[in-house]
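One chain comes next, on its own, written out as structure tokens in the form predicted alone.
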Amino acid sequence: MNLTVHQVERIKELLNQGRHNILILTHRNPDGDAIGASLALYNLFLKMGHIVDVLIPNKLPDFLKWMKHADSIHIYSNKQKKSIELIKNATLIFALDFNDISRIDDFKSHVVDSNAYKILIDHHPDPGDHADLIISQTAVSSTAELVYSFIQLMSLTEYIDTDIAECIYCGIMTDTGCFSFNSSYPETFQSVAELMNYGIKKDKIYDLVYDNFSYNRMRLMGYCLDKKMKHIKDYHTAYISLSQKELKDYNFKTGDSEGFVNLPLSIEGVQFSALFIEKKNMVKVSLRSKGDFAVNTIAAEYFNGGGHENASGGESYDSLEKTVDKFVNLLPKFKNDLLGA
């Protein structure tokens, strides 16, 4: 972890300086890594005797609500006044799993204005300067793994229990696609091996996350594969697009599209996949790739986003149809890269 001795001592001093009001933040549309990392720190700081809250911009998927104290998470879109009060009262703020302050949406200005000491823990490239201390390592599998390293570095492993270990494991498991990507370093598996010693049941966690979807979600996935997936063989690419009407037809809930962007990568020869989901004011864009084909540069240059080399996302403010057309028209620019990926 890229911290100096002085920085480590500074954080230890802060955490042992008495009872803090600690606020943990993560990004909109939180995934398993965001929630797992946040609740791991929440449960740990709670055991240390601090006053702790987790604040997210919008609701979390149902399949992540099994983690301990998930029911204590504050959702800004539901309780704006209470959320702003939490930010004002915070003495320490931990920002997890986002490199750009815009990813916390409407309460970002309140965080910027806060006098709390801010610590960013993240594994996405190019972190912004919205924190007093930045812990950023892009080679690490997940923010959850970084949180585990942080706990070790702060000499706080005595507080880790089964519940905290499960949160960390969930973050690592989901952000690596069950260890199918972002997991090429031995340290990741060393961390998982150590977490197993806390009594976590990895098969149970897998079942809670991946075998716990609604009937409507499964119907929607079938519809995507049968009617909505487009394969552009010449460019080793496939994509799925979903309109608001289609989402409504299948009673879409937050989290129902989790993993859909990865489905086309199972097609022989496909190196690049995309998922376009129409929202009220924009189109959410998710990009995935195999091999050396980098999608984060495409997300940043064309879709107001960014992320990892093989897993990125962004937004489009054009219509769904225009966004998909833009994507398809981009493919000739990357033909040589795709063929060589």
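On a predicted model such as this, the values are computed, not experimentally measured, just so you know. Throughout, we count residues from 1 along the sequence that is shown.
Only in words, not in the display: the form predicted together with guanosine-5'-monophosphate (5GP), which the text now covers.
Heavy atoms within 4.5 Å of guanosine-5'-monophosphate (5GP) in the predicted complex are found in exactly one of 52-60, 39-47, 308-316, 65-73, that being 308-316.
Between the options D105, D249, D132, D100, the residue in contact with guanosine-5'-monophosphate (5GP) in the predicted complex by a heavy atom within 4.5 angstroms is D100.
A heavy atom within 4.5 Å of guanosine-5'-monophosphate (5GP) in the predicted complex is found for one listed residue only; from R217, H124, K228, K118, this is H124. Within 4.5 Å of any heavy atom of guanosine-5'-monophosphate (5GP) in the predicted complex lies no heavy atom of T297. A residue is said to contact a partner when one of its heavy atoms sits within 4.5 Å of a partner heavy atom; S286 meets this definition for guanosine-5'-monophosphate (5GP) in the predicted complex. Residues of 250-271 that come within 4.5 Å of guanosine-5'-monophosphate (5GP) in the predicted complex, judged by any heavy atom, do not exist; none qualify.
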